[in-house]
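Have a look below at one chain only, the form predicted on its own, in structure tokens format.
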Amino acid sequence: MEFAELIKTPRVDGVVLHRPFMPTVEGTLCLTGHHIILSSRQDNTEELWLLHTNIDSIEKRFVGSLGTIIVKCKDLRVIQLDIPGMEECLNIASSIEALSTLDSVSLMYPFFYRPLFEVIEDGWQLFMPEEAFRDLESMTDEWRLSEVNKDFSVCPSYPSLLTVPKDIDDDSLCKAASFRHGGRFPVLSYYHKKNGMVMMRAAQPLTGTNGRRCKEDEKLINATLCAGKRGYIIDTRTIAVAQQAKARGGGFEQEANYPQWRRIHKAIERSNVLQESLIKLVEACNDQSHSMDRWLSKLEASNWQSHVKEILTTACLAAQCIDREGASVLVHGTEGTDSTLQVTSLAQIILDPACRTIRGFEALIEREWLQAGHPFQQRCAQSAYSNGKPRSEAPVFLLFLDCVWQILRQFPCSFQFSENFLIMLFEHAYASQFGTFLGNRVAERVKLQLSQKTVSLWSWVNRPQELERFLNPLYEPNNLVIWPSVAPQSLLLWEGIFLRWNRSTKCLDEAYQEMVHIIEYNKELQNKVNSLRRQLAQLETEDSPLQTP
């Protein structure tokens, strides 16, 4: 298929662009296969380059011969295009709708994008499972790297290499996989260096109404326990939802078959509920007309903050079991690709200071989200404005980033990266020139040859001139476990995402720059103090021989 077939009117002059907190721009609108471009001949005027994949929905309005297109984006931005001529407006709108809803992954922009920067470090080669396993080997010899899934036949949503207990052979892994939803048998998620406890993740066991059991599965998770120790199974579903799953062939671990494990049920909502919550939250944030009572009521009705609280509470529970109780943990929900990953990754941010650095956080996203099989292509197909009926869309990754922001806000000196880093990841998960978030699992990315045909997001982010934009000026390395508060008073609305297009951030930006200036000035003064101390010490040593009788 040629993109030209979908572009009825490639260019229109005299188009007026309206954007939040920016001056109105008049210029020429051009449609390409992947972008809406508006350029003006005025000096110092920023052009608009908007990816079609960033468009969630559009609305058309007409006043006489003047047409207006309201473009609602997946990054929650809303822009307005005033187009002279009804036919031109209809053609532009029709083309945008067609180009923004293409299903073929291979037609997306990352396959056509050619970077203008030099790729110093290939992001596709970073954070490989072998590299993570070498780090693990330096701490313990109780695990091995299995190739049981090398052709993705045992578990389509797992990567080809998996870290499993050393004493469990591949035949046992295959039998355990047949007992878990989607073949997602328990694998290592995190090793706690402090006490040797581990966190594993999986999908629900297929016990069904008959109480089916699997000796290999029991042996697999028991292999993670030390002699005389108990473990915790954290099920991210309520007991009622887990019971209902048994009728559909799923279920949960029976105490009689897993006597060394205590099961705890939490209440993290499924994807369809989360999508509805996001829509309500964004609607509340965009409604400028209501009173304080109405705003607070709509905010509460969205239940977004409740979801944040529940996820953080569950992650804190997992971290507490590992660090304070000295127990290993297995986390799962139904499929093991959504709430499970939120909990395991947040628990690691709480426990492991390395995950609070930029490189460590990138590795965490690769390991616990991309390689672990979170279906980004499905979950991020729509955002809060789409008119289409939700299928598999859900803001699972955005909720995770929101939880990270809550911890970052409570521990502002413990993270190497700033809020801007999290916002950038949100934007690229929904629409990007890079191939990192394309596809739903490793097997798809291998088939699409993303590492050969597209550029990795990390290749761009890790360039020194880009990294500088995402560094936290308050960062002081903190090797301790950090325990965030999950009290309702401690959890705030993430304004950097949900209100950034609704009100100007000029004052906040100026305050931030002033803070950076003060920090730099403080460093200069500290260096001067250290230099003077060295000079004083040198003078004292030179004077001491003269004072000797």
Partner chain sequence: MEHIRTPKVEQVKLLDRFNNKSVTGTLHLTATHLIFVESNSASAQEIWILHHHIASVEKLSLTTSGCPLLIQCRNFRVVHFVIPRERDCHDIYSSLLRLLRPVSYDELYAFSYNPKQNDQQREEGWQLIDLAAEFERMGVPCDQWQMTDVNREYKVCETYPRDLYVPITASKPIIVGSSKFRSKGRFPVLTYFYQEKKAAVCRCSQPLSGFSARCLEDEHMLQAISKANHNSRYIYVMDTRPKLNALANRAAGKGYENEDNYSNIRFQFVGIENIHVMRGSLQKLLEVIGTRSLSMPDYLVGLENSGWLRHIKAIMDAAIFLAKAVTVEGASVLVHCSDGWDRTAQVCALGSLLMDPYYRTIKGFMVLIEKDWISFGHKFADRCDQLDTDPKEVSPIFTQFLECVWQLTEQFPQAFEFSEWFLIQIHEHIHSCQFGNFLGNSQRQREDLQLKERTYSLWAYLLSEKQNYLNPLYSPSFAESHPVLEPSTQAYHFKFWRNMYHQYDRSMHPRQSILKQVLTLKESNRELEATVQALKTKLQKFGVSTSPLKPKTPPIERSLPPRPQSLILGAPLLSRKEVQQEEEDEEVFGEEAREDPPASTGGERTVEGSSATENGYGELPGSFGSKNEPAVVTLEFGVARMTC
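Positions refer to the first chain, counted from 1. Quantities reported herein were computed from a predicted structural model and do not represent experimental measurements. Under this definition, the rigid core comprises the largest set of C-alpha atoms superposing within 1.5 Å between the forms.
As for the form predicted in complex with the partner chain, it is not shown, yet the points below apply to it.
Student: Which of these residues, 227, 116, 120, 292, gets a heavy atom within 4.5 Å of the partner chain in the predicted complex?
Tutor: Among 227, 116, 120, 292, a heavy atom within 4.5 Å of the partner chain in the predicted complex occurs only for 292.
Student: Just to be sure I understand the contacts: of 28, 42, 65, 485, which is the one whose heavy atoms reach within 4.5 angstroms of the partner chain in the predicted complex?
Tutor: Of the listed residues, the single hit is 485.
Student: With the partner chain left out here, work out from 254-262, 361-369, 431-439, 167-175 which stretch has heavy atoms within 4.5 Å of it in the predicted complex.
Tutor: Every other range fails; the passing one is 254-262.
Student: Within 4.5 Å of the partner chain in the predicted complex - does that hold for a heavy atom of every one of 323, 489 and 522?
Tutor: Result yes, every residue of the spot touches the partner chain.
Student: Does residue 309 reach the partner chain in the predicted complex, with heavy atoms at most 4.5 Å apart?
Tutor: Yes.
Student: If you check in the predicted complex, is residue 22 within 4.5 Å of the partner chain, heavy atoms only?
Tutor: No, residue 22 is distant from the partner.
Student: Would residue 300 count as touching the partner chain in the predicted complex under a 4.5 Å heavy atom rule?
Tutor: Residue 300: contacts the partner chain in the predicted complex.
Student: State yes or no: in the predicted complex, is some non-hydrogen atom of residue 543 no more than 4.5 angstroms from a non-hydrogen atom of the partner chain?
Tutor: Taking the distances in the predicted complex, the answer for residue 543 is yes, it comes within 4.5 Å of the partner chain.
Student: Across 213-251, which residues bring a heavy atom to within 4.5 Å of the partner chain in the predicted complex?
Tutor: Contacts from 213-251: 230, 231, 232.
Student: When the two forms are laid on each other by their rigid core, does residue 524 show a Cα shift of 2 Å or more between this form and the one not shown?
Tutor: Yes, shifts by 2 Å or more.
Student: Could you check, with the core superposed, whether the Cα atom of residue 24 shifts 2 Å or more between this form and the one not shown?
Tutor: Comparing the forms between this form and the one not shown, which are aligned on their rigid core, residue 24 does not shift its C-alpha by 2 Å or more.
Student: Tell me whether residue 533 is among the residues that move between this form and the one not shown (Cα shift of 2 angstroms or more, core superposed).
Tutor: Moves: yes, 2 Å or greater.
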